[in-house]
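The data below hold one chain only, encoded as structure tokens and taken in the form predicted alone.
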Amino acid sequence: MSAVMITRKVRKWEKLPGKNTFCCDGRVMMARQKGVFYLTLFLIVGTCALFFAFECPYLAVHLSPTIPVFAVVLFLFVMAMLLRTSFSDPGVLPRALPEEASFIEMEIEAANGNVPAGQRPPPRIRNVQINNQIVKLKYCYTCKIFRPPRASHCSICDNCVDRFDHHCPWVGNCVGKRNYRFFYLFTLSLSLLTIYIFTFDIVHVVMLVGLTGFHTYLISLNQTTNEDIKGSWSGKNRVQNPYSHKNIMKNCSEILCGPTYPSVLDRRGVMQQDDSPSLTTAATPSSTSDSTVPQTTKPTAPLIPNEHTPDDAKPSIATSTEISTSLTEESESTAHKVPPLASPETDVEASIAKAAAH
């Protein structure tokens, strides 16, 4: 009997809090609510499949073969951008460790001082200066951190997301700093694909084009949907957007052409975890009982012999000849024993013969 220490490698994504699901060893990250995402896949794939099956053959023959080719390329690009948006880390911020959380709590208590009983403590806010403008950093009571500028806590995924735009159920993921570019390219390419397909069917799609136009407007202002809905840089406050470069081209270049920000979540980092020692004992071989071998019976030959019938089961030619000869003799003997049937002609002849004899 010996004790063996079993050490198992645990990936960090296995221990991450929040309401996300992971696949492919942490490479794929999505929200738990994926029903609408499957509906999106069904609508895109189903519509394009009908177009490729019924419209493209006619268009390729009567108009140009480049029409279905361009549609296929556009469809593949749409699917690539959708999967890239849905399966990537939107910019989730890791939660504070217990030591970091306690240190932040001590800093907050030291800054606020002793709060009398019955009074509400002051809000936990830090001020930072961005482009000569003061921006407030809010404290997240769930993640135990001061959120960076433009970050927000998603109530659906239960995570703080850097440069949080919104949670999109159609892609099954949050849209944030790391996947907003792919989300915009998805909506833009899907709009082009929809217009391209339904132009040949004379159908107008307005909602998707409007969504693309709305996000084009947000990109030109370097603003998020969350900030636009809340009116962070407009309305009563009349506060200018400190993140805007005051130039549409610079704003578009920063979002669409800037570098892809690395993930700070480190989902696939290795954590060493020691399990409880397990005891290994030598197993004693148990006596095995003799298993009875089932007896197999020889299958009977079929009534009608065929190519699968064994030779010994097939009747021989001589036997068949004997059977047919016996059947013929029996029929002949039966024919001699049975008297011929009487007919009207034979009755008349018999009466004439009796009269001649008398």
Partner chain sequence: MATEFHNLQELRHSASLVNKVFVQRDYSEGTTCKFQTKFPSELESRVERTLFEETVKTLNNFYAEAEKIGAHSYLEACVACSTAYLIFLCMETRYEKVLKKIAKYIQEQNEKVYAPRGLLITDPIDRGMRVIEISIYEDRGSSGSSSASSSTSGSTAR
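If you're wondering where the values come from, they're calculated on a predicted model, not measured in any experiment. Residue numbers count along the first chain shown, from 1.
What comes next is about the form predicted together with the partner chain, which is not displayed.
Chemist: Tell me, out of Cys157, Leu185, Leu218, Leu265, which residue has a non-hydrogen atom within 4.5 angstroms of the partner chain in the predicted complex.
Modeler: Of Cys157, Leu185, Leu218, Leu265, the residue with a heavy atom within 4.5 Å of the partner chain in the predicted complex is Leu185.
Chemist: Name the single residue among Pro148, Gly213, Pro242, Pro169 that comes within 4.5 Å of the partner chain in the predicted complex, judging by heavy atoms.
Modeler: None of the other options qualify; the answer is Pro148.
Chemist: What stretch, of 244 to 252, 265 to 273, 191 to 199, 123 to 131, brings heavy atoms to within 4.5 Å of the partner chain in the predicted complex?
Modeler: Contact criterion met by 123 to 131 only.
Chemist: Considering non-hydrogen atoms and a 4.5 Å limit, does the partner chain approach Phe103 in the predicted complex?
Modeler: Yes.
Chemist: Does any part of Leu97 reach within 4.5 Å of the partner chain in the predicted complex? Heavy atoms only, please.
Modeler: Output for Leu97 is yes: heavy atoms within 4.5 Å of the partner chain.
Chemist: Do Leu137 and the partner chain share at least one heavy atom pair within 4.5 Å in the predicted complex?
Modeler: Leu137 belongs to the contact set for the partner chain.
Chemist: Within 4.5 Å, heavy atoms only: does Leu256 come near the partner chain in the predicted complex?
Modeler: Because no heavy atom of Leu256 falls inside 4.5 Å of the partner chain in the predicted complex, the answer is no.
Chemist: Relative to the partner chain in the predicted complex, which residues of 46 to 81 have a heavy atom no more than 4.5 Å away?
Modeler: Contacting residues: Phe77, Ala80, Met81.
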